[in-house]
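The chain below stands alone and is given as structure tokens, in the form predicted alone.
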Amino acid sequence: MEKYQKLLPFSASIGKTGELEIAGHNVRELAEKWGTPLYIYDGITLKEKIDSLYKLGAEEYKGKFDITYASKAYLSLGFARHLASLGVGVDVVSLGEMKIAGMAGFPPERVHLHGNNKSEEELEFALDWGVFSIVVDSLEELAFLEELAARKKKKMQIWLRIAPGVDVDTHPYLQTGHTASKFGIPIPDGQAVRAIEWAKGSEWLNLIGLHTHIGSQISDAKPYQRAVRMLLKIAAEADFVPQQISTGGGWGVLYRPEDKETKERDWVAMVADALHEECAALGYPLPQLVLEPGRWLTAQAGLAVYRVGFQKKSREGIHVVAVDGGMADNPRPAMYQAVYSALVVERPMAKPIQKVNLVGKYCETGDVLIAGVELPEVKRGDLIAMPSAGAYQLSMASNYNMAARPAVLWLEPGSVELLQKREDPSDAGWWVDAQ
């Protein structure tokens, strides 16, 4: 199991029975009680990740530093309650996420509302609740929000999301900072400067910060520095001194043992250095730096557990192992060609002896969780653990083929908490009786 240690939750260990344990809990026993597919979150991993990032911010940045969790990575009421108790802010993009944040105990001043096409209902809710900032994504939204705030006679604090024209080396669907992105206010044609000047002069909008997000699964911190410099450049052009700067999240995580390791200190240090240099050159006070990690906080904390079903070999000799989950609970391999690792829960120390295509049970050829993964011999009923499963799996899950979304657990030493119960197709809530 040693080769998987940097992918597994921090509390992962081999128990007395030789089986995989998380936070001292036997994963096989959890699967027997709660069924499969099963998703597990390790509280220790999440807490230590948050602590380490706050520590890095204090060490590397001379100004104020804060973390807001990008809730699109994964959110449920129970999960949000844990996050709220850990003191981070939360970045939301919908009415549902705002309501969950409020129910979980996040004070509105710890909430940022993002999104490129916020509805009037969402904007009204944010205004009435009093979120810390609405992150404006376009000139048209700026005008609409100003009119809405005036109508409700509520002055609204805002950030502007800027598209800095920075390309990053990642999957095209994960690039969000280039000039053709659907996100952010572009710089080259003057829209960004115009937005700043407009917001500065507004009676009903209080512009306090600039935001950008350049993409996800980034392993090189230099693009973040370029983005910071672009933000400060247009701020200076518009004679605006930002109180806050956010460079979003997007720092990469490992999905396989052979993936290149990324050092989060590089991410924080390079963003901090760029802010130190640019603000000194402009004579600006240092703004508060706000980072918005999602995947980086939750991916390693999460573990997906599947049960092996039938196996077959194709005429070409490809060994196919089917499990009881797949693209309904994890669409990332089909959507982003994401590649994962796997190990056998009952025998995590067993040496791999075969390459198999680990496939799901859904009626799509693209429902392949991992192609060519190395595994020991497996049989029907064995449990497969997939590490780094805590981000953008459950949050993108569906009921395709009327699949029931899985149960989700939060583990601490000595306690197991059910965050989400397994859906049941026989529940009346699944159906609207038209009769």
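Everything numeric in this text was worked out from a predicted model, so none of it was measured. The numbering used is simple: start at 1 and walk along the sequence shown.
Note that the form predicted together with a small molecule isn't included here; everything after this is about it.
S.K.: I need the one stretch from 191-199, 150-158, 287-295, 237-245 whose residues put non-hydrogen atoms within 4.5 angstroms of the small molecule in the predicted complex.
M.R.: In short, 287-295.
S.K.: May I ask you to state whether Asp91 is within 4.5 Å of the small molecule in the predicted complex, using heavy atom distances?
M.R.: Contact with the small molecule, yes.
S.K.: If we define contact as a non-hydrogen atom of the residue within 4.5 angstroms of the partner, is Leu38 a contact of the small molecule in the predicted complex?
M.R.: It does not: once the small molecule is placed as it appears in the predicted complex, Leu38 has no heavy atom within 4.5 Å of it.
S.K.: Is there a non-hydrogen atom of Ala70 within 4.5 angstroms of a non-hydrogen atom of the small molecule in the predicted complex?
M.R.: Yes, Ala70 sits close enough to the small molecule in the predicted complex that at least one of its heavy atoms falls within 4.5 Å.
S.K.: Taking 4.5 angstroms as the cut-off for heavy atoms, does Gln217 touch the small molecule in the predicted complex?
M.R.: Yes, Gln217 sits close enough to the small molecule in the predicted complex that at least one of its heavy atoms falls within 4.5 Å.
S.K.: Ok, Lys222, Arg332, His82, Arg347: which has a heavy atom sitting within 4.5 Å of the small molecule in the predicted complex?
M.R.: That would be Arg332.
S.K.: Sort through Trp129, Phe144, Tyr336, Trp204 and report the residue having a heavy atom within 4.5 Å of the small molecule in the predicted complex.
M.R.: Contact residue from the list: Tyr336.
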